[in-house]
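One chain comes next, on its own, written out as structure tokens in the form predicted on its own.
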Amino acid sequence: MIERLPAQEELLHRLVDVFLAENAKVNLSAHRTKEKVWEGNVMDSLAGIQCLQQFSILNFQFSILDLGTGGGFPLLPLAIMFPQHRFTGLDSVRKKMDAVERIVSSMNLSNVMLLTGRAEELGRNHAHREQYDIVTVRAVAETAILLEYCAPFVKVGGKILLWKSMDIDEEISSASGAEAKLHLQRKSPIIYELGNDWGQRQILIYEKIKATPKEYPRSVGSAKKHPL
């Protein structure tokens, strides 16, 4: 993991304070203490640094979409650590995105933009379809569902990063059909320890090897009701 500069460390801790102030007004996260937000949101988000390093993107400007960003994780910590990259947060819940927008404004994060909408609809929009180098997701849903949401946004050769717990071999295996239909290829995951009581976690990595078929994403709700 890259070393955090003093200015970045300061911004990350400030993010915790600003986030907690917003979380008191809008329910963005179950974590409501500095320690919980730091470990469970910020440090968990920063595990993605290993993936970004692995893709050798440190010297190039990449476009990164955080799908289902909720309270802004991993979007905001990664944007702080990689100011040279362009980050976009997407969520369908307006009040959450309004809260994240206030956080972004308060912290003057000029490399972050926000979208409110459904992945199934924006994934068909030419302004966003296959326009992102990397899509990140910490949202809680089955892997097959998340892959259908993510794949349309990623460029061919781009990566999808899914924050997941361990011991989900059956879930990963069940997603093999979605992987094939969406022209994705699973790579070796990133395994990391959060420490204390958080334990070991992983980031699943999928590479897009061909353009997403035109029929995906399906209509709103279809991926949840009938996973590929």
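Residues carry their position along the shown sequence, with the first being 1. These numbers come from a predicted model, not from an experiment.
Heads up, the form predicted together with ligand SAH isn't pictured, but that's what we're talking about next.
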- Complete contact of S92, R138 and Y149 with ligand SAH in the predicted complex (any heavy atom, 4.5 Å): yes
- Task: Note which of A119, V100, I80, I134 lies within 4.5 Å of ligand SAH in the predicted complex, where distance is taken over heavy atoms; exactly one does.
- Result: A119
- Indicate whether ligand SAH has at least one heavy atom within 4.5 Å of a heavy atom of F87 in the predicted complex. no
- Query: Given that the partner is absent here, does K155 sit within 4.5 Å of ligand SAH in the predicted complex, heavy atoms only?
  - Reply: no
- Message: G70 versus ligand SAH, in the predicted complex: is there a non-hydrogen atom within 4.5 Å?
- Response: yes
- Message: Whether K96 contacts ligand SAH in the predicted complex should be assessed with a 4.5 Å heavy atom distance threshold; does it?
- Response: yes
- Note on the structure: Given 187-195, 47-55, 62-70, 173-181, the stretch touching ligand SAH in the predicted complex at heavy atoms within 4.5 Å is 62-70
